[in-house]
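Given next, in structure tokens, is a single chain: the form predicted on its own.
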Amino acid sequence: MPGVLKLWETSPSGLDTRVEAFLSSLSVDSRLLEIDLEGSAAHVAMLGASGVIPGSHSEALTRTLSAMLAEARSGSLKPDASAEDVHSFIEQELTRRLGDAGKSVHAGRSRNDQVALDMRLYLRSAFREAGGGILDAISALCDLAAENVETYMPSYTHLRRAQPSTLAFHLLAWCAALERDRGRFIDAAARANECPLGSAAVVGSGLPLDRDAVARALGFSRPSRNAMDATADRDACVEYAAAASTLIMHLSRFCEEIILWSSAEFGFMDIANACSTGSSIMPQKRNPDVAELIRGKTGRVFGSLVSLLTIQKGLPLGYDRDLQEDKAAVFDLSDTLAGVLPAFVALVQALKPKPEAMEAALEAGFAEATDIAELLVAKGVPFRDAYGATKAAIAAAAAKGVNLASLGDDELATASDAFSLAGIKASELAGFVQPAACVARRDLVGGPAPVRVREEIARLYGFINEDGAP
């Protein structure tokens, strides 16, 4: 539409073409076309019902906006390249189609509250989609965990073998983090669930708008409470970015473990060919590219969060043009999560655990040591003495190159008289320190005992079915 005035122009004085290109946001906000049409439809319906514009204008606008929405969804309506932004394009198109009735669409609103509304509506879907993707990830992890409740492996601290655990228990630790991640998106969505439309530029409108009606029509719980804050606020964008950053941080940690576990040095699992790639020069290699790229996406996501925070840190109230930069960051975040979450699900489904290798890793490193110390405690030995006695037994076993269960009664007694005083015989230790026994004893809430792990898997499936219901 060459020659059409900008919304803020009253005369065709024109901008420097370089400035005009710099100010334009159409290349970014054109993806808000359908959302802006929906918001505009609710606005003009309210304007007609409130008597702000003639009913005939409201009806014509409503019909035309509905037709434009259908065209946008079919792909036949696209923003004109000469428009300053998607909001300008819609008003100009309405004016082209309806004449004076089209010029009524902007009564009682500013682009400031219009774009704030569009971002709230966009984020509503983005929050929901992220939450759904997290549920899919938890479901995939539960499926794998259910098959490996008694697949024994070391747990780790400082990347050193710590105590006997299971693959299922480790996967449920990932699920615990993802469940919190989903909660962050839900909490942020609840705070964002207020309608800024009617805030106008900065202090609201003097026209008799029905803000409650518009909020209800658009599915918000309430209108925003302060017009100045509503047009300058981008907290919902920041919270989405923060939740996305925490989520991607967790996924990166999980992927790091998958990369380690699937290496020859660990050998705990393989990754199916569907989620790994070959080398361009080394025929023997399969690379964990999906896990590596998810890990690599953290920089991009963290960058969007820092960008959103930095954009706003020095802005006076109310609206400033700096806020135009919010959309690129949020859109990139949602696009990134839309790729990362399904890829992570596919990666989990491609994992092929190697139980024998996992359990073999428990044969070295004295992962059973804490259990022996706790056995001494159960026999009445103070914990610090039990700790010292076990450490002495470890030194004796290490000197012989055997595990603790291989020590004889004399060797235990030589290591520490705590064993003989507690009446602990070497024969008692053989079954006591088996990985299955060590794990089964840890049946407190949150522990790795199979009974607890199966309970947690069942709870998570129930959580998925309840929260994931349409």
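Small disclaimer: the values here were computed from a predicted structure and weren't measured. From 1 onward, residues are counted along the sequence shown.
There is another form of the same protein, the form predicted in complex with arginine (ARG); it is not shown, and what comes next is about it.
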**Prompt:** Quick check: do S25, H87 and R321 each get a heavy atom within 4.5 Å of arginine (ARG) in the predicted complex?
**Reply:** yes
**Asked** Does Q92 reach arginine (ARG) in the predicted complex, with heavy atoms at most 4.5 Å apart?
**Response** no
**Prompt:** Does V115 make contact with arginine (ARG) in the predicted complex, using a 4.5 Å heavy atom cut-off?
**Reply:** yes
**Prompt:** For H250, is any heavy atom within 4.5 Å of arginine (ARG) in the predicted complex, or not?
**Reply:** no
**Asked** Is K327 close enough to touch arginine (ARG) in the predicted complex, meaning at least one heavy atom pair within 4.5 Å?
**Response** yes
**Message:** Considering non-hydrogen atoms and a 4.5 Å limit, which listed residue (R216, R111, R161, K297) is close to arginine (ARG) in the predicted complex?
**Reply:** R111
**Prompt:** Want to guess which of 149-157, 386-394, 280-288, 313-321 is within 4.5 Å of arginine (ARG) in the predicted complex, heavy atoms only?
**Reply:** 313-321
